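Presented below, as structure tokens, is a lone chain in the form predicted alone.
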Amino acid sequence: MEKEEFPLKKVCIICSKGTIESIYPALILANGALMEGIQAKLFFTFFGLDAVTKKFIKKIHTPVVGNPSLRLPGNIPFPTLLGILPGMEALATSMMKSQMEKLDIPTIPEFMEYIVAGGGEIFACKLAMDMFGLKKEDLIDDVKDILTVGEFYALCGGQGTQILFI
């Protein structure tokens, strides 16, 4: 008996961390979905809110302490012990952004604009907003709304939907 296949129609991506290596995968997946004609909805919660907060969106960094997968140019593992030295996080972030610029990868604000222009939707988590004392005016204009988890899940229903947690 042949299995019935259901094409992917919608991706709902939850981003909970405010680092380059968490935010960019969420943005790349959402943008890629839109380019393939798949609906994309992004939900930023907890420290992921940094990606949609005016104060922090341009200050997203790469943590070095406790990041065993961090690599230097040439795919050389970064010794995590060096992460405790002053300036190492800024250096790692600068190197990562430089590599992305060489590959013509958009900045986080640019990606947000592309996603919204492509029909994607960006949401902020109400609970996290309340926890951090944030208001709607603290968020970038690309955020469509502030939702509870239940309200976000209600947007994620339907056959052919995937929910991704990053």
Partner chain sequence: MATKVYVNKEVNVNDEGFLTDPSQWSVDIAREIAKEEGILLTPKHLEVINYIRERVLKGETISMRSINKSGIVNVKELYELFPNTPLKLACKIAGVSKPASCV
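Numbering follows the first chain given and starts at 1. Just so it is clear, the structure is predicted and the values come from calculations on it, not from any experiment.
Not on display, but discussed next: the form predicted together with the partner chain.
Should Pro63 be counted as a contact of the partner chain in the predicted bound form, where contact means heavy atoms within 4.5 Å?
So Pro63 does not count as contacting the partner chain.
- prompt: Can Gly133 be called a contact residue for the partner chain in the predicted bound form at 4.5 Å between heavy atoms?
  reply: Looking in the predicted bound form, residue contacts with the partner chain do not include Gly133, since no heavy atom lies within 4.5 Å.
- Task: Flag Phe111 as yes or no: does it have a non-hydrogen atom within 4.5 angstroms of any non-hydrogen atom of the partner chain in the predicted bound form?
- Result: Judged by the heavy-atom cut-off of 4.5 Å, Phe111 is in contact with the partner chain in the predicted bound form.
Would you please decide whether Met35 lies within 4.5 angstroms of the partner chain in the predicted bound form, comparing each non-hydrogen atom pair? Heavy-atom contact with the partner chain at 4.5 Å: present for Met35.
Stretch in contact, per heavy atom within 4.5 angstroms of the partner chain in the predicted bound form, of 111-119, 54-62, 40-48, 124-132: Within 4.5 Å of the partner lies stretch 111-119.
Need the contact residues for 98-112: heavy atom within 4.5 Å of the partner chain in the predicted bound form, sequence order, or none if there are none. Going through 98-112 in order - heavy atoms within 4.5 Å of the partner chain in the predicted bound form - the hits are Glu101, Asp104, Ile105, Pro106, Thr107, Glu110, Phe111.
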